[in-house]
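In the form predicted alone, a lone chain appears below as structure tokens.
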């Protein structure tokens, strides 16, 4: 098992299934230990956050640990202090680092030099904790992940890239509907297709992507740091809006997801977001449960101060 969780591909399929099982057990109250008792987690935020900050801080508290909120101004990662030095210093103080950042390579460098587990809370390239929560939500509502048809509509951003990584661990039909100018990372697309586990397609036709979908997924068209591109993205992606007309092409019992925050009336309408197919707020809650399980899994592999590996029963 990987020391860190920077991408969904850091976990094997079996490890992801174990993580889901643990998350659901903790969510249902079957397991109520304090595996982070006496542990401290540095939560580094180079980007503002609502769901990531609250879900991690609440999760750490529920697991018996202590979270430390560290802003970009305080850490000055790569500016005030080198990534190497920050990784080494934090490793002497805390038991885990969660970081929400822009540059994925910077997070990889932090994990390389840190001696404690590092969790990727989001980068411009990947958002693995989000998609772990998404798959957990699909498991609850559809009782499976494998065999589903997932239609992702809109900007080919970090969430789309993480769904592509998920398609290398579970077999499902992943269709990404986007414009030619807003496609997901081509290297990640090609790697996922090369694995050959899932059926993966990128289409420029929203109806084609949505046809008979079990899961209809969307996200904002201009992510944080790209708001200056909002008007341009609206023109490129307006035909991919998740609305009642598009919903008719999916399966009658499809579920609709959005990782939030949503620009209602742009990538998704109020009618769909608040409608009977929406599981958006279940999905938001499941960030908490998925992340708790990820942290427990990682710490169960980390040696304690005596050099012995911790056990989670």
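What you are looking at is a predicted structure, and each value in this text was computed from that prediction instead of being measured. Numbering follows the first chain given and starts at 1.
Below, we turn to the form predicted in complex with a small molecule, even though it does not appear here.
Although the partner is absent here, residue 39 sits far enough away that none of its heavy atoms falls within 4.5 Å of the small molecule in the predicted bound form. Using a 4.5 Å cutoff between non-hydrogen atoms, residue 233 does not count as a contact of the small molecule in the predicted bound form.
Residue contact with the small molecule in the predicted bound form: residue 100 places a heavy atom within 4.5 Å of it. Taking the partner from the other structure, the small molecule in the predicted bound form has no heavy atom within 4.5 Å of any heavy atom of residue 33. Interface residue among 130, 120, 137, 161 relative to the small molecule in the predicted bound form, by the heavy atom within 4.5 Å criterion: 130. Proximity to the small molecule in the predicted bound form, defined as a heavy atom within 4.5 Å, holds among 259, 63, 254, 43 only for 259. From the list 270-278, 244-252, 50-58, 65-73, the contact stretch for the small molecule in the predicted bound form under a 4.5 Å heavy atom rule is 50-58.
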